[in-house]
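Single chain ahead, written as structure tokens, the form predicted on its own.
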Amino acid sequence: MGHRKYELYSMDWDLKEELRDCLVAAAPYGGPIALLRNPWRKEKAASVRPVLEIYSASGMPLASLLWKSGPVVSLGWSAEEELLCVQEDGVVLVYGLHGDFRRHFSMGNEVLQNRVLDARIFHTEFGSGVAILTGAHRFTLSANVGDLKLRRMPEVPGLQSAPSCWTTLCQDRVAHILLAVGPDLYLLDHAACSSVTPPGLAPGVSSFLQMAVSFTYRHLALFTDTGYIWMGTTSLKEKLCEFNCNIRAPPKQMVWCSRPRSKERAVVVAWERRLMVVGDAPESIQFVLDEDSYLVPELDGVRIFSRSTHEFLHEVPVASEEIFKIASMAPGALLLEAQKEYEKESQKADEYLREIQELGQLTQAVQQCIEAAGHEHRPDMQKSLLRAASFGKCFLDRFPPDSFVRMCQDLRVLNAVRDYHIGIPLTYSQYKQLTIQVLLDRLVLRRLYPLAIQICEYLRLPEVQGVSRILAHWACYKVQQKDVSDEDVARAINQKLGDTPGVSYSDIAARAYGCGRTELAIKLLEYEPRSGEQVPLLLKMKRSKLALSKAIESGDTDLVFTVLLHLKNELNRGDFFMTLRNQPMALSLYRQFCKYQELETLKDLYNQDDNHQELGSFHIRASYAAEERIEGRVAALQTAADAFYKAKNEFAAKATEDQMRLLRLQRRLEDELGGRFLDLSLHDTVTTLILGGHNKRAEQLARDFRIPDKRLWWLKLTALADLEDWEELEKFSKSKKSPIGYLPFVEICMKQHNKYEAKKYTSRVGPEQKVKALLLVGDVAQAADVAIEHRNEAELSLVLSHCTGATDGATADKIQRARAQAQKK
């Protein structure tokens, strides 16, 4: 087992107290460090307020604030790098990286009543969770503080005092509590408390003093009062190894130190002045601690920081071990030596290179050097290994350059964020696990916008994922600077962002409004090209009239309707109508809406505008839609007629009055004759009377309403034909000269398939329509004679088109001869 420890930073923070006198929390993945000075467990003057300080991993101060809330039991960082402060009363306060208060939540009334003895912040695939041990020795937890669902864990039988140690486990996507009470271990899940026994545990254990879960929640380590450290799986079904460290004093901290996909298992145990790395090897690795230190478990190692230094302890990667171990003959080691000799212009370079090529391991050597470069912290060692890889590539015909180029890019990004002033000491493995998008988010969170943009441009990330997103975050931060005028902030944001794709000015304006800068938000919305994004925020800011103007400019009727309904609820009726009068398009749309939804409001609009024409039309529609009684309908029509007179539309007024007369007459006809007359048209009323045999009444109605003779004859002709009252029809035709001629009589009879009756009227049809009448009754020969007599080419063609070869051949010949004679003349 090979482990190495190297310095990340020389800490330059000004700590006034020892770490042991502070509550400490450090975020993984090279995250920030939080210290709560003067915690309540120390004896201090009541007048001295505790101070919460947040530093980068390099010791650069990020925030400092006086603690004005209740006593804090535990600190911890969420996966989003928010600081969770668990108070004694069960309230959890959440702060940002720069000390800005975000929110708070409570862990429940039971926790409030019994107070908090201890707390743990843990991470699952669902998010960051909080587990609480109360004064009643009961556990409460929430697996995700972003979606708070409290779970009270089962009671441990006979538990009268706090457990000697406890931790949270994540098994099968569910959070559990593992606790030690004397020599016994208990596992709490949502349903039950079960006693568990680690397999292969050394005898004589009377108490468990410390326990640690690996970064991935797959392995568990237990420190016993006999000095043994048991290591196994978190399921407690498999033992990995056991180590006797010969120290029975309880350690300050115990954390796992393992590399992803490594078969080696190691645990780091810290006492006041000693650090021990133990695993399945018979010997341990020990380090002397010169000062009070704190351990931070990471994905691939352990960060160790103290007042003066910040170091990283990890298992040596295979590629690095192969290259750098003493007298190594690995291909990577030989290639590194060959490159160094080449720089010295020594012929040994050729000898080393030939040795690698003879073994056929040059590709492997290049890959080893590239991989080892990724795991080196010092830039000079990275460059040396990459130069060796580049040197080896020159002697390979088809080595794909992607891995080399990608490693160069990754290391350049890593070296940039590891810089002391940035203070994010990510390893290559952590960087790959975290992803570039999350790293950019963390730079944005630290307000390191220029560096984030440089990385995006260097890696050529798509604008929407890279530069645009970061500029949007910068703009949201910019609007919070209240010492700069609204005009200057808006101008600076527009100059920087312009029309950058993927940037939403409305989102930035919403942030400005959230900060209480309404005027700035309005100025920023002027740069937003999408009205659909402008309008909702303007409504939220109670700038409804401006929102209406923007919606109308957009031409989006749905958007205009949205604003109108908002205005209707916001303003009183008078102000609302006055606003509409100044916006003709909005008024027109609102009228359309009212036609289908709010008829009374529509009437009020017409009244306010003195629009008597539309008001009359409204009352006519209302008389039929809303009124069932004849009296109510007539009254509504009278109101409509009055409105039409005011609008100087005499035609509409007279027509309305005629309709009122017709309605009254129809009611009287129903009362006297029975049957249904109401709501029939004038023509239908006449037709119904004729069909009922009430000819005189029909004629009287026609006179009353001045129905023209032609129209009356048509109505009577149609009605009598429908009744098939041919005798009455003949009498009617002879009553006086027909104003519509007699061709309609022929047509109507033929429509009723009565040729006999139709022929009665053909002789009375005028000369100009005689041919057509004869053809209707099928008398083609006579039609031909009349057409020849008239010498009308059109009529001759019409008759000829009705001739059939079999029956009308003689007629057709006759027409052709007549045509020939006409042409000779």
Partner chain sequence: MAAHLSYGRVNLNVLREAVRRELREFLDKCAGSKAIVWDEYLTGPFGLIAQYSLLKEHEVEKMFTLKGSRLPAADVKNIIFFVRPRLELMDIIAENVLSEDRRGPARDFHILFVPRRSLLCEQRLKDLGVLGSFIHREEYSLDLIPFDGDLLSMESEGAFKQVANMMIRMKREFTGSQNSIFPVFDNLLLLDRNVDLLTPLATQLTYEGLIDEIYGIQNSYVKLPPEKFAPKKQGDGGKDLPTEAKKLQLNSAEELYAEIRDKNFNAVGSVLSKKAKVISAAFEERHNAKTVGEIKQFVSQLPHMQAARGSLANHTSIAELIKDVTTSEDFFDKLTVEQEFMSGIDTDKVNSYVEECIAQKHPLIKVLRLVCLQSVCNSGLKQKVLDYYKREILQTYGYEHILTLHNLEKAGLLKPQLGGRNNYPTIRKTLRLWMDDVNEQNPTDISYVYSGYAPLSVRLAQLLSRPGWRSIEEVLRILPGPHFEERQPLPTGLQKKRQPGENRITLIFFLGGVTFAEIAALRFLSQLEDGGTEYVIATTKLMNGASWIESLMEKPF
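As the structure is a computational prediction, the values presented were derived from the model and not from experiment. Between two forms, the rigid core is defined as the largest C-alpha subset superposing within 1.5 Å. Numbering follows the first chain given and starts at 1.
Below, we refer to the form predicted in complex with its partner chain, which is not included among the displayed structures.
Asker: Contact with its partner chain in the predicted complex for residue 438, defined as at least one heavy atom pair within 4.5 Å: yes or no?
Answerer: Close contact is absent here: in the predicted complex, residue 438 is far from its partner chain, nothing within 4.5 Å, heavy atoms only.
Asker: With the partner left out here, check for me: in the predicted complex, does some heavy atom of residue 197 sit within 4.5 Å of its partner chain?
Answerer: Judged by the heavy-atom cut-off of 4.5 Å, residue 197 is well away from its partner chain in the predicted complex.
Asker: Please determine whether residue 791 contacts its partner chain in the predicted complex, using a 4.5 Å cut-off between heavy atoms.
Answerer: Outside the cut-off, so no.
Asker: Even though the partner isn't displayed, in the predicted complex is residue 614 close enough to its partner chain, meaning a heavy atom within 4.5 Å?
Answerer: Looking in the predicted complex, residue contacts with its partner chain include residue 614, since a heavy atom lies within 4.5 Å.
Asker: For the chain shown here without its partner, which stretch in 647-655, 725-733, 514-522, 114-122 has non-hydrogen atoms within 4.5 angstroms of its partner chain in the predicted complex?
Answerer: Checking each option against the 4.5 Å cut-off leaves 647-655.
Asker: Check each of 707, 492, 150, 247 and return the one that places a heavy atom within 4.5 angstroms of its partner chain in the predicted complex.
Answerer: Checked against the cut-off, the match is 707.
Asker: Its partner chain isn't shown here, but in the predicted complex which of 488, 380, 283, 558 has a heavy atom within 4.5 Å of it?
Answerer: Answer to the contact question: 558.
Asker: Are 254, 442 and 507 jointly within 4.5 Å of its partner chain in the predicted complex, each by at least one heavy atom?
Answerer: Checking in the predicted complex: none of 254, 442 and 507 is within 4.5 Å of its partner chain.
Asker: Can you list, in sequence order, the residues from 767-783 that come within 4.5 Å of its partner chain in the predicted complex, counting heavy atoms only?
Answerer: Contacts from 767-783: just 772.
Asker: If you line up the core, does residue 640 shift 2 angstroms or more at its C-alpha between this form and the one not shown?
Answerer: Indeed, residue 640 is displaced by 2 Å or more.
Asker: Hey, does residue 687 budge by 2 Å or more at the Cα between this form and the one not shown once the core is superposed?
Answerer: Yes.
Asker: Please check if residue 66 moves between this form and the one not shown, taking a CA shift of 2 Å or more relative to the superposed core as movement.
Answerer: Residue 66 C-alpha, core-superposed: shift of less than 2 Å.
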